[in-house]
Structures are given as structure tokens and as C-alpha cells.
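Shown below, as C-alpha cells, is a lone chain in the form predicted on its own; questions about how it binds or moves come after it.
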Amino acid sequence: MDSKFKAIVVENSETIVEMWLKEVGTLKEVNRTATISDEVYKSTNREFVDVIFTSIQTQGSTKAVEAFSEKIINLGWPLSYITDGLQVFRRVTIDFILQQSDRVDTEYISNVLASVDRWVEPIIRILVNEYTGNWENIVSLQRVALQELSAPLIPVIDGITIMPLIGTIDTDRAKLIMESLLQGVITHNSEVVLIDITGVPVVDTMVAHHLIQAAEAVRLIGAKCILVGIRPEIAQTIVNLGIDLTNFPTKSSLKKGFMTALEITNRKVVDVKPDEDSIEKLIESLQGE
């Protein structure tokens, strides 16, 4: 920034700040920050403008700008808050500098515009780049976390595991399901895997194809898949689409699927009712203690 204009801005920083705070406060309804309390909004605005003025005094240092950008992301504020605020600051600063001089010729105005732009534009670039970079990193971490939760394989008892699926299944998620399924079968030494689609809203040809592929892959490594959670509307869709699930056992509920899995692994549920003698012996032993 031109030293002459820089001196004007620094000497009149409080006035410029007040002008900026007043004007930027009117943008609360249009830059998606209307739900933020007035107290938090005003304190953040004050911090924002302090960061802007710090940048003029510490040319080349971007630490304050980067830290503020990260804070805005953590608060969940939109990028428009930053861009709108800087555009308003640019306009207010230019207007103030022009008001301090009697010169109104084109050359002087052009010099003011260019000087303020050289100050403000790097801040815009740094803030936007930091905001988008941090945001992309957060989204990437969230995507990984969702992927880890999107296809869990839960061991129930020896030889039987369950994979509950919730939400829409696309190609990328289908690949993850396949990988988790195969790895889980090996890790847990599963004989039967119950794939529960109760939480899958739509089962179309593509989804069914991916599920059949997963079941076939599991069969090749020595285990068996049972598709459970077949709701009436899903059953109707499968029939209407002509999807062949002949080699893929299906059950309407997880309970029925689990009972079938027990049969496949040569187990059964036995209702054990203790006889009267056993109860009396238990009471006697407890009293003896």
C-alpha cells in the first residue's frame, strides 16, 4: 500500500472501523448469518477488522489471517461473510481516503483504487484459499468417517455376522461394502453373513446387482449371505424389475434371517425352563451362603 495512503488509514483506523462495522452490520440478513446472535456477530466483526489492520502492519505475515479463517470455518459461518466483509471494507476505505483530499482527478482516484486493492486483494486471496482448503479437509475427514460407519460388519456369535446398511447405496459405497464384507468374513471367520437392508430406502437394479455381486464374492471364499429386511414395497420393486435372487436367500426380518443362520451353522434356540427340583436346590445353595 502507498505509504501516504497507509498513513491516512492507520491514523484514522477507528473512524474507518466504525464506518465498516456500521455498514457490515446491515449484511447480516443477506449473507446467511441471520441466525447468529448480535453479541457474537459484533465480536467476530471486531476481530475480523483487527485482522485486516494487522495485515497492513505485518506485511508478509499471514498467521492472523489463517487463524481467523480457521475460526470462521469452525463456527460454521459461510464464505460470503468473509468476501462481503472485505468488499465492504475496500469500499469504505476508498471512500474515506478520497474524502480526505481535494483532488478529484482521474489519476489520483486511480492511485487510491490501486493502492487499496494491493492491500485488500491479498487478504481476500489468503482468506478464501484458507477457508476452502480447511473446508475441503474437513469434508474429506467427514467422508472417511462416514465411510467407516457406512458398512460395519458386526460379529454376533461364532460364525454369524451382520452387516446393517442404512441410506442410499451408490457405486462407491457398493465397492466399500464389498471390501468390508470380504475382509470381515475372513477376520471373523464367518460362515453366514446377514445383510440387513431395512434402512435402505430404494433397491433398484443397480443396488440389487451390487448386493448379488457381494453375495457371490462371499460364496467364493466359503461363506453364505442372507439378505434380510425385505419390505413389501422392496419385494414388489424386485419382482417388477425382474431381478433374479434365486441364489440369494432372503428373509423379511433380521430375526427370521438369524434363525436361518443358526440352522445353517447347525445350531438352534432351546427354551430352557428349570424344573422345581433345580429351583429348590438353587434356593438352598443361596441360603447356605
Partner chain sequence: MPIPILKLHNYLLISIQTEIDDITAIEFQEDLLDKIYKTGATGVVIDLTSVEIIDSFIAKVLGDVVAMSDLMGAKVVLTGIQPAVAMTLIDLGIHLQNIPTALDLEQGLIKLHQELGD
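Here the structure is a predicted model, which means the values were calculated and not measured. Residue numbers count along the first chain shown, from 1.
Beyond the structure shown, there is the form predicted together with the partner chain, which is absent from this document and is the topic of what follows.
A.B. asks: Do D84 and the partner chain come within 4.5 Å of each other in the predicted complex, heavy atoms counted?
C.D. replies: No, no contact at 4.5 Å.
A.B. asks: Given that the partner is absent here, does Q183 sit within 4.5 Å of the partner chain in the predicted complex, heavy atoms only?
C.D. replies: Result yes; Q183 sits at the interface with the partner chain in the predicted complex.
A.B. asks: Could you confirm whether N266 comes within 4.5 Å of the partner chain in the predicted complex, counting heavy atoms only?
C.D. replies: Flag for N266 set to yes.
A.B. asks: Counting only non-hydrogen atoms and a 4.5 angstroms cut-off, does A217 reach the partner chain in the predicted complex?
C.D. replies: It does: once the partner chain is placed as it appears in the predicted complex, A217 has a heavy atom within 4.5 Å of it.
A.B. asks: For the interface check, one of 102-110, 174-182, 85-93, 119-127 should have non-hydrogen atoms within 4.5 Å of the partner chain in the predicted complex; which one?
C.D. replies: Partner-contacting stretch among the options: 174-182.
A.B. asks: Heavy atom within 4.5 Å of the partner chain in the predicted complex: which of N189, N74, N137, T205 fits that? Just give me the one.
C.D. replies: In short, N189.
A.B. asks: Ok, A67, V40, V239, I221: which has a heavy atom sitting within 4.5 Å of the partner chain in the predicted complex?
C.D. replies: The residue in contact is I221.
A.B. asks: For the stretch 241-264, I need every residue with any heavy atom inside 4.5 Å of the partner chain in the predicted complex, listed N to C.
C.D. replies: Contacts from 241-264: just N247.
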